[in-house]
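Presented as structure tokens, the chain that follows is alone, the form predicted alone.
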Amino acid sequence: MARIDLKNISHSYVAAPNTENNFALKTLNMSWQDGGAYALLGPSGCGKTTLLNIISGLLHPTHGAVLFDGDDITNRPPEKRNIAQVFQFPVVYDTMTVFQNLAFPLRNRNVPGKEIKQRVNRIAEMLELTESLPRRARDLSADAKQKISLGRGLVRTDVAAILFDEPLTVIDPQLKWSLRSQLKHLHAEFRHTMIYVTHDQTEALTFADQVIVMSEGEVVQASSPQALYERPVHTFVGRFIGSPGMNILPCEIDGAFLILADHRIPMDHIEPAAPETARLEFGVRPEFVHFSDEDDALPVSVSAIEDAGRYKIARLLFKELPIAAILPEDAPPLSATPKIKFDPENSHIYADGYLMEKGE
């Protein structure tokens, strides 16, 4: 296990990068604690796999240094970094049995046979591979092969870190939840440093103690799952996290009043003093949009009601501003002239995409 420090790391796939747009991964500094569980979350092409491959040694960064426990390992090849990496698609030895595949990294390290058997049997049970242990890997389905890849990463106890690059892509959806839970359990027991790359917010938020949200080669927020949801520091995080994501609406501020489409709303708990040229936006999550009969509530029209099973999503329009609101599954039909209010304690103001704190 290891503490991982990234010092001024950036990377470009261009031979001679000369502008910021040439960089797939823009300059970042970050520290991940020994034994922590982390997720790199973001859409395809945001730089998360590039960052993971720099940590593993599959990529050498254009600039910066990677440190394990204070030791600069930037120029050290993958096999010298003592890491285990599980890739998006299964990497197995088809001619070996499942048992031999799982035992392979242990035999390479001269682990005693009795201990190999104990570890392999335990991991096989966790991954529901026990009955397949004597079978050749080539005879298995793609999701079973990926479970072997996962098992090879988990069977070792001496690794500095275990890196997962979207490992559940080919796994049956019904098995994903179980495997995420098992990974969480193993992390709690063995305290491996684990870094998990995914574009699936459910995977990231349920696995990690800290989630690093990336967009266009930059880290926009690194926080606990709760903080990401309750106080997104960037509008990208607000939109990306949640289903549906945060309502982000253009606004103006006049003292203690929020102005939405010329409608003045008293919001005296947020009084950010933004630069005159800043683009201001108001953010509120759909569950904090409430229907109200009060005189100062905003009149809206209903464009659609979507049934999401445990709740309903009301798609609303305030003038031309689209707003989503969450309704309980058993909510009564909306009135013919619905009006809404926002929970002031869970409403946020953003300037040029970034959260404004009161008094800024």
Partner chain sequence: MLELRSVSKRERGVVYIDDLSLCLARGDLHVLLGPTLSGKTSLMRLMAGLDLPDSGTLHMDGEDVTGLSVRRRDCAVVYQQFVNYPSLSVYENIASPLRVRGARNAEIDQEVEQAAELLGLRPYLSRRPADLSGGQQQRVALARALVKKASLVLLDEPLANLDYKLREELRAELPKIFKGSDAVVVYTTSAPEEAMLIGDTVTCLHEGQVTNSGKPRALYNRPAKLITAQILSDPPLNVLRVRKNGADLEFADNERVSGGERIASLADGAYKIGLRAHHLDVRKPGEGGIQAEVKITEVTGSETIVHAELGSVRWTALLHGVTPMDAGTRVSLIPDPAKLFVFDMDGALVSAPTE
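Since this is a predicted model, take the numbers as computed values, not measurements. Positions refer to the first chain, counted from 1.
The same protein also exists as the form predicted together with its partner chain; that form is not shown, yet it is the one meant from here on.
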{"property": "Candidate spot 173, 287 and 311, all three touching its partner chain in the predicted bound form (heavy atom, 4.5 Å)", "result": "yes"}
{"property": "Proximity of residue 185 to its partner chain in the predicted bound form, heavy atoms at 4.5 Å", "result": "yes"}
{"property": "Residue 229, heavy atom within 4.5 angstroms of its partner chain in the predicted bound form", "result": "yes"}
{"property": "4.5 angstroms heavy atom contact with its partner chain in the predicted bound form for residue 330", "result": "yes"}
{"property": "Residue contact check: residue 43 to its partner chain in the predicted bound form, 4.5 Å heavy atom", "result": "yes"}
{"property": "Contact stretch among 115-123, 214-222, 252-260, 200-208 - heavy atom within 4.5 Å of its partner chain in the predicted bound form", "result": "200-208"}
